[in-house]
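Only one chain is shown below, in structure tokens, and it's the form predicted alone.
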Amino acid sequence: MLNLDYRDARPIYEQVKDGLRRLMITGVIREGEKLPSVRSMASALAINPNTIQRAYEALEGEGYLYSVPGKGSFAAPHTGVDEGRRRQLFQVFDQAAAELLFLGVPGQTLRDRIGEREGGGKQ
């Protein structure tokens, strides 16, 4: 499910958070689907449960999941992603697009890639 890279400079909780977010975005984890419990995921990854809890809390803060006391954590509807995360992603997008344009990638190529994503195509 998730791969951790202990040579990665990012903290483990960020790797877990990013990995879970990627699984949600790609549809591996679907809206409303129950995520593994903190303890079971920590056991599967052989890491401290507090690390998983921190990743879950961060994802909940970003709107990617929600918790139901006594039941667990679930993938949130796509509309739940907060405005702060959107702004952050637009900054990354703007920087990447500016660099690609600088490197000579035509604007139409960038538009085509966005169109592929909108149409459900994945690369």
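These figures come from a predicted structure and were not determined experimentally. Throughout, we count residues from 1 along the sequence that is shown. Only the largest set of C-alpha atoms that superpose within 1.5 Å between the two forms is called the rigid core.
Unshown form predicted in complex with a further copy of the same chain; subsequent notes refer to it.
Note on the interface: of 65 to 73, 36 to 44, 89 to 97, 50 to 58, the segment with non-hydrogen atoms within 4.5 angstroms of a further copy of the same chain in the predicted bound form is 89 to 97. Under a 4.5 angstroms non-hydrogen atom cutoff, a further copy of the same chain in the predicted bound form lacks I12 among its neighbouring residues. Contact check for R21: a heavy atom falls within 4.5 Å of a further copy of the same chain in the predicted bound form. Proximity of D8 to a further copy of the same chain in the predicted bound form falls outside the 4.5 Å heavy atom cutoff. Of the residues in 1 to 20, none comes within 4.5 Å of a further copy of the same chain in the predicted bound form through any heavy atom. In this overlay on the rigid core, I25 has a C-alpha that sits less than 2 Å away from its partner position between this form and the one not shown.
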